[in-house]
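Take a look at this single chain, the form predicted alone, given in structure tokens.
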């Protein structure tokens, strides 16, 4: 069995707009990916989420995005590598600075949405993220299975540690990438989510959209906090992970 950590994207409220069940979810997870303002989140939400993570002894990651509030960071953008580096550094620095006032630290960067996917196919995008992680002395969270050997070698050369992530609530293609959200069945039901989590914990694999099993060796397992069944699923997945540890 694989001893996986659980992570969730949190802090995605903005002003009076509420998203996700951060308070009941936080005690169930090991790692919180906190939105840094470019796709969701604001200064008040960031600080509130950091305090919540501290109270529950949860590891903290910066969750930077393309500057895309309207599209929730899920639209790919053509940004010069130096500008993308600046955007990621700006967002990460905001979160790490706020964390420092609480005497806690951020330990990794997990890109959000389209930025997360683009780093797999765009070397300059991955390079900008890698440089930001290096300059901030943080780890970088990347997709398990889809991250190439070349990307892993780049990270090793730069001295950046990678955290490999799998998803409980998303369907995979045979190429070990996530099926685009626009495709039917891309987001799993609660029942499917639990079965996928069980496979990842016990066998380090998932069933692809083609019906074939594919190996995915991961360090951490994500359930999206904005999923309607996220809280209920996380409660059961937490039990599965705890049973594996025991």
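Here the structure is a predicted model, which is why all the values come from computation and not from measurement. Residue numbers count along the first chain shown, from 1.
Although it is not shown, the form predicted together with a further copy of the same chain is what the next lines describe.
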query	finding
Distance check, residue 9 to a further copy of the same chain in the predicted bound form, heavy atom within 4.5 Å	no
Partner contact for residue 175 in the predicted bound form: a further copy of the same chain, 4.5 angstroms, heavy atom	no
Proximity of residue 231 to a further copy of the same chain in the predicted bound form, heavy atoms at 4.5 Å	no
Close approach of residue 182 to a further copy of the same chain in the predicted bound form, 4.5 Å, heavy atom	no
Residue among 138, 94, 104, 146 with a heavy atom within 4.5 Å of a further copy of the same chain in the predicted bound form	94
Heavy atom within 4.5 Å of a further copy of the same chain in the predicted bound form - the one residue of 124, 120, 89, 162 that qualifies	89
212, 224 and 237 each touching a further copy of the same chain in the predicted bound form (heavy atom, 4.5 Å)	no
Segment that reaches a further copy of the same chain in the predicted bound form - one of 53 to 61, 66 to 74, 216 to 224, 189 to 197, heavy atoms within 4.5 Å	66 to 74
Neighbours of a further copy of the same chain in the predicted bound form among 18 to 36 [non-hydrogen atom within 4.5 angstroms]	18, 19, 36
